[in-house]
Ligand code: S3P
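Take a look at this one chain, the form predicted on its own, written out in structure tokens.
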């Protein structure tokens, strides 16, 4: 079967209500927490993407059983540090940086050595950011050049630490938090703002975690060695998946969309804040708080009068996975959009900042790049003709999604490779586009 698609026609106008893929970050975390809880946890609406399925395979390899009944995954946990690990255990995190970094935090007391590997893309990503705090906790970790594969050997002599997390990485913060659960005493993290699903889930589980907010940092204290009970959880929709349909609607002709039941946690809605500053007028309706997370329906309409933005860098962490599609909106905005301190984009599945710049130039947009800062010269009249081929992007799912939205809103004849990359986070992406009338072959 071909692993490429063809698009040669813009999508027509539409007025639809849709649901996007379930939240990947929360799906992975619910599995990991269920594996450490005491009893049977039930998770519904779990995202069945490659990253999440690899998480299920990982906990099973560590002695945690699960089964699926209809739309509910039932996971049996035995409490903290109760994995049943055999000698020479190897864990394959596939493409998931979240799984790889979080599972290291959960293996800090393992009695047997565990080897962590990943795919070609993940194997190029820097793990020093989690290896450093793990070593401070007393964990034995071995790695060449801070890359995968990593060997981890736990210890019974863990010590609590105070750690400054200055990157704004939820994966680093969560790795330390998960390690702290198995550590006697109180571990403290002074963490630059980033998505806070791990903290919210622990609060929901009534775990002794304290969070004090100040400026752009959270001071987090975790008291180790407290068991928590099993739980029930329904995973909401993913804002990162919704982002592509938000911009599709903004840039399409006379279109309107409601995206139902999306997680709009404040640490994740940078894209809505940024697009609204550009004049998008995106609205959140039917908001509720569910287990600490804010859930809402997203309402968006076509807007041909987007204006450029001088984006405050304080919004970066809340939009880090959405900047590629934000750049496309900037390409059609009036004026010069300016972004600063986007180096973290190049630490993702691919060098997304560099590839985003290449993509904008490919579609005829002037871009200036100064280190980790970029200026995008928008063209409200941007309309494409000719042929475009997108390949060699390390099978990054978000670049595939970006290419599809560009083809469907700007015109031109497109060949887009690595269709299978969508299985990482959003297997139904193309199916939903076709329901909106997109002609994809």
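Quick caveat: nothing in here was measured; it's all calculated off a predicted structure. Residue numbers count along the first chain shown, from 1.
What comes next is about the form predicted together with this ligand, which does not appear here.
Site residues 98, 321 and 348 are all in contact with this ligand in the model of the complex, judged by any heavy atom within 4.5 Å.
Just one listed stretch, out of 367 to 375, 215 to 223, 168 to 176, 245 to 253, contacts this ligand in the model of the complex at the 4.5 Å heavy atom level, and that stretch is 168 to 176. When contacts are judged by a 4.5 Å heavy atom cut-off, residue 304 does not count as touching this ligand in the model of the complex. This ligand in the model of the complex comes within 4.5 Å of no heavy atom belonging to residue 283. Among residues of the shown chain, residue 25 is one whose heavy atoms approach this ligand to within 4.5 Å in the model of the complex. Within 4.5 Å of some heavy atom of this ligand in the model of the complex lies at least one heavy atom of residue 129. Shown here without this ligand, the chain has only 195 in 192 to 220 lying with a heavy atom within 4.5 Å of that partner in the model of the complex.
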